[in-house]
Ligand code: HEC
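Let's start with one chain on its own, the form predicted alone, as structure tokens.
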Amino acid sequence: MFRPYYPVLRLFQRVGLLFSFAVVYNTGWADISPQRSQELLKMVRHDCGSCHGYTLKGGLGPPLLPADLAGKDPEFLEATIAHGRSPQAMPPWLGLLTQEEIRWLVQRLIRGEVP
């Protein structure tokens, strides 16, 4: 069974993260369309909710309610969504979501704007 060499994997993650930041800072922040925002909110309820609870009050994963996220650094939350938490069950979402979409989701979760 092939196992990626961990330091090399971390290097690729860092290079990818730096590339993401370079693209964002060079092109400016793109707006999330109303259609995409609805897709993202639905994803939070269904995909994130499968571990964090449909009402986001916790389950396999911790709760994602504003009171539970208060005091947490938004950049830490963004990195957690983007890169996951190993060896815990939190998968990385950066391949499916852009950094801008992740930032948008974190802000909605912190403000309690996820219906």
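Note that residue numbering begins at 1 and tracks the sequence as displayed. Since the model is a prediction, treat every value here as computed from it, not as a measurement.
As for the form predicted together with heme C, it is not shown, yet the points below apply to it.
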Contact label in the model of the complex: Pro66 to heme C, heavy atom within 4.5 Å: no
Contact label in the model of the complex: Gly58 to heme C, heavy atom within 4.5 Å: no
Proximity of His83 to heme C in the model of the complex, heavy atoms at 4.5 Å: no
Interface membership of Ile32, heme C in the model of the complex, 4.5 Å heavy atom rule: no
Every residue of Ser37, Gln107 and Pro115 near heme C in the model of the complex, heavy atom within 4.5 Å: no
Residues in 60-98 close to heme C in the model of the complex, defined by a heavy atom within 4.5 Å, in order: Leu60, Gly61, Pro62, Leu64, Leu69, Lys72, Phe76, Leu77, Thr80, Ile81, Arg85, Gln88, Ala89, Met90, Pro91, Trp93, Leu97
